[in-house]
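Two forms of the same protein chain are encoded below as structure tokens; each is given separately, as structure 1 and structure 2.
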Structure 1
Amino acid sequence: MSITGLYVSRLDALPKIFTELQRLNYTVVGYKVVNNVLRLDRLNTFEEVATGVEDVQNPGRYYLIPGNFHRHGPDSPKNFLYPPRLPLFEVSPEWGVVVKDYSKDLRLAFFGIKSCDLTSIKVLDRVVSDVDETYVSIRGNSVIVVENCTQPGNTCFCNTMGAGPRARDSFDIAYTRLGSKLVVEAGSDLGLKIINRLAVEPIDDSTYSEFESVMTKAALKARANFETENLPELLELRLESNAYKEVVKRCLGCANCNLVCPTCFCFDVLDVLRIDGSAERVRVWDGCLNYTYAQVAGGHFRPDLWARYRHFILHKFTYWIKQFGTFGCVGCGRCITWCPAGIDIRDSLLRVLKGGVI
């Protein structure tokens, strides 16, 4: 939660926040344009931050146009907190074992991520903090500067999932761009320390009214065509719905939805053998849409694609509630945008809830 309330500064406060994070020896991670896509990457200077672009997202489509507000690309904070390829240990030709220690490697500052991705970090905190020492090490050295989302995209439904578009807690600094103004608030002592270095003043009535109006409009746009009340129970009651079989007539089983999802945490462990006699054991992302995911020594417990897609849906919206007390979906819309077949998870849920007809 905010510990300062809302203050007003100017847009030139953003590079000052960036510089202050670097001064405190944080590696700043934010969105920059790479090959006409917003990529979450390490930033050396504030000039690398994506500006003057807007991402247009629709089912199966993504492109950038000139604009003054961007949302996100295929990457999420998970790429850094729970890396897609994580070396666990190495074995030398002489059978010596070296375990990788990540406890002091990274001091990350996520800069300008949106509330949906902040919520995804909170979800991962519940899921993996008790079982993943690497995650705990990296997460414990991280700082979050979140930008409230004033212009949700066509695939966004964070408000339905309680994940945005305004950040309410678990941030160090939250800011909102209103024309030439910057509304800021601190959520931690570190955030307060940084804001104290800026030229700020208490928010005035006019700016506050504008802020509330903008955030209200954004919240109305970032809604899906379903409600979450009793959703887990309703989905379980429709476990045998034919809607799943209808939806996957378009599904390629490529697991893109798993890979771009900011909360999917499934993995496989591989041994990489080298010609010099050494070896490396690595953890790599895996996903429940992959055919081999459910293939075990005794056979295959989910061979049909429709069953794998059903599991993906039920895990996000039903099982996760039972396991962790929260939904596994934050409404970021990545699984919709980056699905090559343009399958919209919002429509899939509605099909199931309405008996296969929409």
Structure 2
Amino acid sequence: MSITGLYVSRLDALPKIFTELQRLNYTVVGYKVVNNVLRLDRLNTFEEVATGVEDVQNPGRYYLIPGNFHRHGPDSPKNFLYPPRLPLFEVSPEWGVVVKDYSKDLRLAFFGIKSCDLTSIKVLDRVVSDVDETYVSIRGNSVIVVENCTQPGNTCFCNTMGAGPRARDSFDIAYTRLGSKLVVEAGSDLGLKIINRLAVEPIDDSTYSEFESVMTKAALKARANFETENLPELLELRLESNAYKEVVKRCLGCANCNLVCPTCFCFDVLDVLRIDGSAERVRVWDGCLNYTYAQVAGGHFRPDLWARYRHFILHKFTYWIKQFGTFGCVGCGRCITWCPAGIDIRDSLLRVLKGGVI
């Protein structure tokens, strides 16, 4: 929730927020351009923040063009809060066990992430907070400066999922770029402290109506062709839909959808043995589209690819609600863009809902 309401400042307040975070000893993480792709990475200076580019995202395709609004790339906050490869503990040759401690040193400030990214953190909070100490310690020390999306992209459907394009709560600072103006609000005491150090004024009527109209338009753009009302139940009723079998004719079973999804949390555990007698236990990302994921001693829960793809959809939109009281999808569109085969989860849902035909 916003604790301040909206204030107006100028664009040059952004670098000030950035340096303020650094002054408070936070490592700033934000989107920067690396090899023509937006990557979420540690940033040393405000100048590293992506600028002058827009990401064009379509099913199975991604590129940058000159522009003034960027969204995201293949990475998400998950990469930092729930890392792709996480050493859990070390075993010495004498069988001593040393558990890794990530509670120190990691003070991350997410800067300029989008509303869908923020919502994905809220989802992960519900999913792993009780079970993952690493997540809790990194997350507990994190700060979120979120940018409201004035220009959702082709694969965005956060509004349908109630996840954007405007951030409503759970941030420290939310900002919106409107031409040379910056609309800001604080969502925490820390956010308020930072905003207090900027030159801000309460929002005036004309800026407010501009803000409202830009955000309303953005919300309309960030919608999919389905509604979430009764979605969990409708999907369960269509459990036997032939649509899944149709869709997976194109599916490569590569699990890229799982990996780029900011809320997918499945993992595998590997033991790395060394010649000196020591060993390390490591957690690595895995996903339900991978054949071996649901393989267990003596059998397999979902040997068919269509069943694995169906599980992905049903988990995000049906089971997640039962398990965690929220959808598992925030409508960020990453699984659409970064699916090498360009399988579009919005189309898949429509097909299932409409009985296999669209």
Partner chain sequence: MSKLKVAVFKFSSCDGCQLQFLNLEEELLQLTEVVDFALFYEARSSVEPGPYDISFVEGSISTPHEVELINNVRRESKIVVAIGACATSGGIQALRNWANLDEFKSYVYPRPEWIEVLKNAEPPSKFIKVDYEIRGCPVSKEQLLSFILQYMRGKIPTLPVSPLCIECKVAGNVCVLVVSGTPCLGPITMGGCGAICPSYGRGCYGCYGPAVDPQAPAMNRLFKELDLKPKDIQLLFKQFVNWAKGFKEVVEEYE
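Treat the numbers as computed from the prediction; the structure is a model and nothing was measured. Think of the rigid core as the biggest set of C-alphas that the two forms share within 1.5 Å after superposition. Quick note, the numbers are simply positions in structure 1, starting from 1.
(request) Only one of these is the form predicted on its own, so let me know which. (result) That would be structure 1.
(message) Once both forms sit on the same rigid core, is the C-alpha displacement of residue 93 at or above 2 Å between structure 1 and structure 2?
(response) Shift at residue 93: 2 Å or more after core fit.
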